[in-house]
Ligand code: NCD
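The form predicted alone is given below as one chain in structure tokens.
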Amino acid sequence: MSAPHPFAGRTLAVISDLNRQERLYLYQRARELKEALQRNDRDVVDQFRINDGDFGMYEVFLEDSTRTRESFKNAAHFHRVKFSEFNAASSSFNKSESYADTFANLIGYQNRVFVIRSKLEGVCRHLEEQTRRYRRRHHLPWPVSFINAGDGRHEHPTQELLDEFTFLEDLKWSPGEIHLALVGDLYHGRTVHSKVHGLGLFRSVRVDLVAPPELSMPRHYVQEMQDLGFAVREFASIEEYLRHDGEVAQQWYFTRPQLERMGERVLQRQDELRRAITFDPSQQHRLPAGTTFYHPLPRHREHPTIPAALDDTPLNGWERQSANGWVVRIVLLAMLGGKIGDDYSGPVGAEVAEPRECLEPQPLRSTQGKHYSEGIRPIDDGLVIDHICAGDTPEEIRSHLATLISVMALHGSGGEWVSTGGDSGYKGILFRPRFAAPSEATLRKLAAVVPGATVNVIAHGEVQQKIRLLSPDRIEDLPELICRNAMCITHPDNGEQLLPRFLRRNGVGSGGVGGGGGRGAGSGTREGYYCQYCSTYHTFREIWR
């Protein structure tokens, strides 16, 4: 029996759904196709075509698009497949039909690939999971892929693919090192958010972030890049960047400012903010030799961050970058459609960190002369949870004690309060006399609610069991969970009846932000979680309703 195809039926929801070796394979094949097209070698070109009139591909664009929509449409025509466009304006979305139900119908028509652009974030991950169940229920033999063509301000992985391909092209196909300036609206720009993990393609990465504070890269993305080993510098304007004493990058990546998303206060300063991230053509002499500018497009016709005066200069890399999108998307469709990829021999799928256990039994010591007390009376039998949110402020600890009691249903007699915890400052402690020893499932849920705490099971006046709680790698399938991002597909306001899933920043890699290192190690309460659907970062406190 032959091995399964490494790419057929895969979903690309975030850039890290394709690991480094898989992306390098894609770029090598895209290079072959581009060169064959340039020399009009039809025999080689035809090797990339799916060429199946029954192979269904759907474009579902719930937001405006030109380049992404048209390049995918033209890629579908290249492949000679059945191509359909979804009319959202007249669809049952307007009758409050769910995404899962809408796409279940379309899958039933033997459609194999869906290219989706949406305002909601995490749609492709949601549909990937729902479709897996749908196919199993109905014994459908054909695999189904979902391609994220941009979701909210989350990611735009196919743009990242064509960007990386163009960078490699300009670096003479060497993935060894890149020094890149990211310029513009780094707060809203999903194309630059995809670079947090996309740039991991290169073994050595230097990133210069050029944006005023109002448009700066979200802090958790900056931290993520640093944790991944990137050398990161930040500048408030192009002028500040050009006059600083250090080296200026040869590759600049611009994004347009999306000031309309930031309220009246920012709009009142829009001229000042635009100036900070718009390149002045008279300053070309200050750039290092060989500098190339890139832009995911569109450029604002009245306020372009790369003025049209630079179009006919050696700085212009954005036109070739845009044209590369067609070639890269042809190859991506060929891989997910099973046409090419049989010769790939590397690891398959997103890179996953080694899991760790979240329950750490502690050695028991004699408790003679020491008692956990409820008020002034010792507890003979029951439960004591100690070191809750150790090191936090008393107000933070009291607030999370209330969350702990609510989520874990720890109502009843006993007490909870904030005490000093020695060198760690303040800590919370909760006493519940006559509570039964918790099950393993309860302990694992406790680890999600109060990582870093210690659970003590008391019987006959002695500690019978002592367990230190570490942050779980995954927190899921709990009705008390909530992603705070209102644009996440899992948010209750969006009506998909979907529970979020959170992945530890130091733990198992998510599709979205993929398990890069976190701000703290071990069980510390500073560790946070990413929503697996929209990649929004949360502290462990924020994931509970």
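Being a predicted model, the structure only gives us computed values, none of them experimental. Sequential numbering from 1, following the sequence displayed.
Although not depicted, the form predicted together with this ligand is the subject of the following passage.
Although this ligand is omitted here, in the predicted complex none of Lys82, Asn111 and Ser145 has a heavy atom within 4.5 Å of it. The contact with this ligand in the predicted complex, taken as any heavy atom within 4.5 Å, belongs to Arg117 out of Lys73, Arg117, Lys339, His387. The contact residue chosen from Gly428, Pro472, Gly198, Pro296 relative to this ligand in the predicted complex is Pro296, the criterion being a non-hydrogen atom within 4.5 angstroms. This ligand in the predicted complex is approached by Gln258, whose closest heavy atom lies within 4.5 angstroms of it. Ser194 falls outside the set of residues with a heavy atom inside 4.5 Å of this ligand in the predicted complex.
Using a 4.5 angstroms threshold between heavy atoms, Arg484 stays clear of this ligand in the predicted complex. Although the partner is absent here, Arg67 is a contact residue: one of its heavy atoms lies within 4.5 angstroms of this ligand in the predicted complex. Across the options 155 to 163, 342 to 350, 98 to 106, 392 to 400, residues that bring heavy atoms within 4.5 Å of this ligand in the predicted complex belong to 155 to 163.
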